[in-house]
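Take a look at this single chain in structure tokens; it is the form predicted on its own.
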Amino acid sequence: MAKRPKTIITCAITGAIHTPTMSDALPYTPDDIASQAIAAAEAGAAILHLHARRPTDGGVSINPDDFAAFLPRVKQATGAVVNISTGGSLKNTIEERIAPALRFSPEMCSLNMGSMNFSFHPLAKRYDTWMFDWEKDYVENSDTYIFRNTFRDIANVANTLAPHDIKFEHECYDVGHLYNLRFCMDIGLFKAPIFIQFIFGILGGIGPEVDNLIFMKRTADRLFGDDYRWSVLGAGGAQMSLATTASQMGGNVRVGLEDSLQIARGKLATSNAEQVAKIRRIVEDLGCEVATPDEAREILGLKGGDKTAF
């Protein structure tokens, strides 16, 4: 019987969807982002997916200076792979969104593989009062947002960041994004092996059903053969169940407060590390081993933490 591959755990620490009102655990100051990222790595996350926030009010930031306030601390305290978002903000150009990656040259970056309606406006109905003035409008008006990732945008990211030898986490919110990625590989933008993040449960993308996971996996198998590695992100209440299923299918997993504020249905998580510890326990109890950061680097073919610029 073939030995199961080790499972890479990614933890997405803060993201750009949830706001401070929604959970006291959501980090937005540099100190809190750094401390939660370090704790998540200690709990078993091999990859840390990082966004920045405005430290004064928790708003989304793509200012490289805000990243600079925590990236060196995370690198110094952990051996984890740092993955910087190129999504960051739904309201900025792709040139603005990749500025942190250009400055810091991380081992990995997320890269969305298609434009889409991306909305979380139903969350606005859950709260009567808000901690900061910007939050309600930001959430309520997300039904007007188009998350732009055109073929030209994708090519711009690939070509601009090519000298940095960054491995992309190709974020696919629907089956069409897999075909977009295949096209981009065919024209030489990305080389195998690639790393795909299947994303389920975002309003505007494919739903969080196991049938959809199987469908996405079969499609990727047909399009990419043995030339890819994959992971699963289940949004909201689908986080742990889809991650568990993915781990049993030979895939990797992503958790974190960016994707879900809960540790169990109806119960808020106290930290990112709590979510990492839970999925690690599940994965190991079901007979899989969790990859270390260096093992994740070998599996994904990363350049190494010594070749970053922070």
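Numbering starts at 1 and runs along the sequence shown. Computed from a predicted model, the values in this text were never measured in an experiment.
Keep in mind the form predicted together with a small molecule is missing from the figure; the text below concerns it.
Q: Among the candidate stretches 129-137, 158-166, 78-86, 213-221, which one is within 4.5 Å of the small molecule in the model of the complex when only heavy atoms are counted?
A: In the other structure, the partner sits against 78-86.
Q: Is F118 part of the interface with the small molecule in the model of the complex - any heavy atom within 4.5 Å?
A: It does: once the small molecule is placed as it appears in the model of the complex, F118 has a heavy atom within 4.5 Å of it.
Q: Give a yes/no on whether Q239 approaches the small molecule to within 4.5 Å in the model of the complex, heavy atoms considered.
A: No, no contact at 4.5 Å.
Q: Even though the small molecule is not shown here, does E171 get within 4.5 Å of it in the model of the complex, heavy atoms only?
A: Yes, contact at 4.5 Å.
Q: Does S105 reach the small molecule in the model of the complex if we count a contact as any heavy atom within 4.5 Å?
A: No, no contact at 4.5 Å.
Q: Which of these residues, A16, M22, A291, I299, gets a heavy atom within 4.5 Å of the small molecule in the model of the complex?
A: Looking at the other structure, the residue within range turns out to be A16.
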